[in-house]
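To begin, one chain is listed below as structure tokens, in the form predicted alone.
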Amino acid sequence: MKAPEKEILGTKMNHRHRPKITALVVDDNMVVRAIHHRLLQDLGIENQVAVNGKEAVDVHSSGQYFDLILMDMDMPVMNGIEATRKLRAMGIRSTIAGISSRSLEREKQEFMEAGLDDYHEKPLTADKIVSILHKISNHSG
């Protein structure tokens, strides 16, 4: 029986030949974390979760690397703006997509200026994640 094909990054690939993409989901909301984790998993993307920006910085300080970071804006301990700035200052070149329920242009602008590659309003959908993945493939290719 043939492995199911999914179209990811503009090419159809079966499960065995899909490029390994890793992601870190950073969000203090347990439900949002679970949804984003599952969406990524369903697209065949290995991913871990962190509950705030400090955890995201600590994970990278320990030497781990992710192709994609989904970063919430509003979190306790360290928010997404501060975490993104710190990650960029550490030389982290991962694609960082800001995720927020905020829609004010100046708030989005501040988040983008912290070093984001992309920004999406919550909730993420499979289509939005595929859009972000296209940016990764264009960035690395």
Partner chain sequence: MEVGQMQRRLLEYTKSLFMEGVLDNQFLQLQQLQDESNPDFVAEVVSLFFADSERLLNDLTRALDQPTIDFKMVDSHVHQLKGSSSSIGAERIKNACVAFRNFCEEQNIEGCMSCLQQVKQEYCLVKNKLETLFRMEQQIVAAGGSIPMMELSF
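Residue numbers count along the first chain shown, from 1. The structure presented is a predicted model; accordingly, all values stated were derived computationally and were not measured.
Below, we turn to the form predicted in complex with its partner chain, even though it does not appear here.
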Do all of 38, 42 and 126 end up near its partner chain in the predicted bound form, with near meaning a heavy atom within 4.5 Å?
yes
Answer among 63-71, 82-90, 27-35, 110-118 for heavy atoms within 4.5 Å of its partner chain in the predicted bound form: the stretch 27-35
In the predicted bound form, does residue 48 come within 4.5 Å of its partner chain, counting heavy atoms only?
no
Which residues from 94-112 come close to its partner chain in the predicted bound form, meaning a heavy atom within 4.5 Å?
101
